[in-house]
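Just one chain is shown here, as structure tokens, and it is the form predicted alone.
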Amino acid sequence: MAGRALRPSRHLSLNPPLRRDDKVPVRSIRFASLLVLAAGIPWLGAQPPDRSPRVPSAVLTVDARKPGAAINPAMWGVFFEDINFAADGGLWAELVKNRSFEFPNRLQGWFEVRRKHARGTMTIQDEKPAIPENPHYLRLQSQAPDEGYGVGNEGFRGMGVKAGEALRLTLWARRGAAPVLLRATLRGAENRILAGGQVRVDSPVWAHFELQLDPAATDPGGRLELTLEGPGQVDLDAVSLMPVAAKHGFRPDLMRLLADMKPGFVRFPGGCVVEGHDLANRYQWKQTVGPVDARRPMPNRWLDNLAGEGRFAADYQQSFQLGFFEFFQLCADLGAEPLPVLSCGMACQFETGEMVPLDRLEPFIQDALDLIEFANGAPSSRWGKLRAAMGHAAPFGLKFLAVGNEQWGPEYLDRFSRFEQAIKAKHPQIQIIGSAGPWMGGADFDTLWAGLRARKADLVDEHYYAPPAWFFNNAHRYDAYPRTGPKVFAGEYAAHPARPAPGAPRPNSWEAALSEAAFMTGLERNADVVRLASYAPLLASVDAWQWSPNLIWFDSLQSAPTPSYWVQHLFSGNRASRVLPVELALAPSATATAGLYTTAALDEATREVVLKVVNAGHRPSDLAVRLQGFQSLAGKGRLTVLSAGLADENPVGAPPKVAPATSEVDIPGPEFTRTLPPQSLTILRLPLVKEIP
């Protein structure tokens, strides 16, 4: 266990009383956030040698002979929700908006193109469609001999294209009375042509066409134009423009950031989108699998419920190109456990609160059972056969399933019971996750915990959005939780600093990230209680956000990891296998050092002790480390430091102000002193040798 150094000459209690802030609602309002921070920091290993006597301000004793609770290897994960244009226009690399003309405004995202003296018409049709599930398509008729009549697409706040990075254009088309030439042009700023090509549409029935476009320049605001070369008629549908390098459809730069985090799990698809405004608007996984072109889009839950941000997004739809199969594929690509969340038959209780009657709940429960078969079933099973047909014959190995998102009340407990009984009867190995509601404490929270404990839930999902001070003050939150019964899933958390101005996004500041790091030491220290944890939300477009702060910000071309990203990255990248007991105390001569948070763990695979220490104070702290149980250490350790000014951020497109610095350091023996920079997270990996008999 670890604690905070508060008073001189006193050992810290390793089990301080549990405190909760019952007044801060978890949901408050999902606010928008600026971008990210990353800065150069003083490296402990790079400091010049100090020959004067070192007087530590705190002493950290680690007993490496007594490994404690096992740490879940999948403990640190990520939470994905389609908010802030995180899916279409974000992680999903499609550049065309409203590709199948199925938005409520059928031509949203599209505009008429007239070159020279071209004349024509563009209309939406649904007679003999290419895709019966999405019957609307676009008919272009060019009436003048001049070439250049057609249609353009603006993308998601512009199409970000890069020189030398090929794009693949695909579409369904059929001609009218005679064959036509269809020209595809990618244009950028000042109408500059970035790439082009043409296809001959000579089929009177729907046919699939593909064309590669190779941009000659980089432009964040590109647009696609499809024009007829001369008079004629063509019908178009399912128009897609994707980077050739987008493996499995995912945007490469965002995937690199996710992969670098080494997440243990991915929670998907949300969040509030699971619940929906009402039950008709809930996320239904069966509508998101099968052929991509046949998936019916739906208005996004965040289209007009913008959590107090005042940002209306009329074009915010869900195409479901990124559907449940793609989410499972994402997990496989990242080496992460899939953790899907399903509707329990209750719409958002902050919205309509619509509930399906208990006697009509069976289809919702069957959806859960069918999902397990889709993920884990043999290719000969009904849903396993669909998974195999989509390209993944092997099971995905689903182990977790969350029932509901942020529901509360006896109605939720009744529904959870029905799900739990049905799932455990057929799939006892699946760990079922219940909801602790949208608050961090209080009567509803306690009632849910008691009810889920009685119903033998495997895990309980807790959410916390609060000011940084709450996270500092609650680093001990789980020290006094019961050690038996359901475990904790810290499914959504983020420190929310104050807004710099009304309507401005909440900053992704180093202060917020530092407070999260302090809180996370308590999560890891209590790994026998807390089994899973994920920051939320994950992704946000700088041009189309509804909520802040967020872990990663991006525009059409670039992405930027926030300071909170680096905290998550360092905790996940420095995971260990078992908690080690620690004692943190002020040195007798210390006078005013406070704000230390720490955890220690043993990496049994590499034979290393992993120390994570947060110095939240405004002054450097000399920390004396006493490693018990070993006579000496290998000569070198690995030191990583993350430190910056509390207000520092990492905006997209700007040099980062907050980023980790890693170095190799000399370890003289089992007792040594290191200086912790002010307002810093320090991670030290200490190789073990020669255990004391």
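Because the structure is a prediction, the values reported are computed rather than measured. Counting begins at 1, following the sequence as shown.
In what follows, reference is made to the form predicted in complex with ligand AHR, a form of this protein that is not presented.
Although the partner is absent here, residue 465 sits close enough that one of its heavy atoms falls within 4.5 Å of ligand AHR in the predicted complex. At a distance threshold of 4.5 angstroms between non-hydrogen atoms, residue 271 is in contact with ligand AHR in the predicted complex. By the criterion of a heavy atom within 4.5 Å, residue 406 is counted among the residues contacting ligand AHR in the predicted complex. Taking non-hydrogen atoms only, residue 344 never approaches ligand AHR to within 4.5 angstroms in the predicted complex. Checked against ligand AHR in the predicted complex, the residues 537, 90, 507, 434 give one hit for a heavy atom within 4.5 Å, which is 537.
Proximity to ligand AHR in the predicted complex, defined as a heavy atom within 4.5 Å, singles out one entry of 565, 547, 328, 553, which is 547. Of the candidate stretches 110 to 118, 474 to 482, 75 to 83, 372 to 380, only 75 to 83 contains residues with a heavy atom within 4.5 Å of ligand AHR in the predicted complex. In this stretch, 137 to 165, not one residue has a heavy atom within 4.5 Å of ligand AHR in the predicted complex; the partner itself is omitted from this view.
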